[in-house]
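Shown below, as structure tokens, is a lone chain in the form predicted alone; questions about how it binds or moves come after it.
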Amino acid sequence: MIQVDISNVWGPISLPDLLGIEKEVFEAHRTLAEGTGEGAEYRGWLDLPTRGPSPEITRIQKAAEKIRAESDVCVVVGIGGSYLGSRAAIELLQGPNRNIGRAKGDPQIFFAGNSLSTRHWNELTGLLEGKDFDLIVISKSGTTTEPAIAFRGLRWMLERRYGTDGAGSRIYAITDPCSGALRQMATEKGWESFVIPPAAGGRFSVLTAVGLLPMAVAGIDIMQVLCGAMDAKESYDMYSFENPVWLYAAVRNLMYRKGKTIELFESFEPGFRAFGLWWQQLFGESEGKDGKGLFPATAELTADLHSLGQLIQQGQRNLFETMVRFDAPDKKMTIMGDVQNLDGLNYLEGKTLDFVDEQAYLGTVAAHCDGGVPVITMDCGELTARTVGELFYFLELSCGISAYILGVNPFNQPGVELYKRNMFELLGKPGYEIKN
């Protein structure tokens, strides 16, 4: 079970504050579990965890084996929840540099369709030259601008290289089960396809084929991910503050009420940065509406202590931190001695790097708390695929409960469509003509 340490939040909030919000947390959890709140039809993610492979999971595993065997590169095309979850898991478990030296049998994985940058497109197409590659395209509709443009260009590259039939055998569509442009294309062209369950919206879809197929292609044991999520489902079905999900949801809402409008979600692992971006979308889209919501920001420590550290320590007192910790790995790095000791590090001789990391964490927490910045710590234990599955579910459950405490629908995102309407008007998309 993930341990949530709130010993460093007292001051801005008090024990009476925590006890005073208990009834709200209870009601929010019950609302989510029983489906009596707004957006209840999008709670399908609650039942995604499993301990046994379904026919869909077996198909995902077989497709991943085929991709791994035949391609040097797999390109995942999608934006938002269509790619953030899989990228989070892959980089956390395998590192941000995992693509170096990979080829057939263990392909590189690139992500496309999440920007409109020509430079990024040129870099990607250059990296694909001379490489065998497959495409995983993820879109509920198939018409979202960024992934649709990328998919059209990459599909053309596949067809030029392998012919129409050969290209079709290298395209995997993850989309709506019944409707939409991508579903129509997949059906007409015979591409292998997987379903985005209608009851699991994009930012809550990481435990579907959306997240699981790219993870499996990366060589992650997706059954361990799902078992970890099932661990979470079973462990966090508690209606008391013994539930760490309750502690996290309650404290972040209390912080918000005390004027802490920014949550800084951090880890001392460089591979955690993409996970922070997944969390950022999860909470940002779920809570940021009706003039409400914490601003979700993410940071990588200790690197960002040399950029954001000054602001955190002495800037506006409008933020709190959530630090995610994992056990040190079995393989250690020991600091050696040096005769000259010009760098002054001999006092650390014989110490391990993870020992230094732990002291950096403790020192950072002490400094920030002294500076008026409360810190929540999540201790996740050993970093494994099972742990990642548990963390995904823990945060999704926390988000649903937290949003209901806040008084908003966790599962809609009406504001996301506004920039698209303006863009479509400027582009001259049919049906979006500028009205004088």
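Quick caveat: nothing in here was measured; it's all calculated off a predicted structure. One-based numbering along the sequence shown.
Unshown form predicted in complex with a small molecule; subsequent notes refer to it.
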Among Lys260, Arg170, Arg203, Arg87, which has any heavy atom within 4.5 Å of the small molecule in the model of the complex?
-> Arg203
In this chain shown alone, the residue from Ser141, Gln314, Asn97, Gln359 with a heavy atom within 4.5 Å of the small molecule in the model of the complex is Ser141
Heavy atom to heavy atom, is Ser193 within 4.5 Å of the small molecule in the model of the complex?
-> no
Taking heavy atoms and a 4.5 Å cut-off, does Glu321 contact the small molecule in the model of the complex?
-> no
With the partner left out of view, is Pro197 within 4.5 angstroms of the small molecule in the model of the complex by any non-hydrogen atom?
-> no
Even though the small molecule is not shown here, does Gly80 get within 4.5 Å of it in the model of the complex, heavy atoms only?
-> yes
Determine which one of 150 to 158, 115 to 123, 278 to 286, 297 to 305 lies within 4.5 Å of the small molecule in the model of the complex, judging by heavy atom distances; exactly one does.
-> 278 to 286
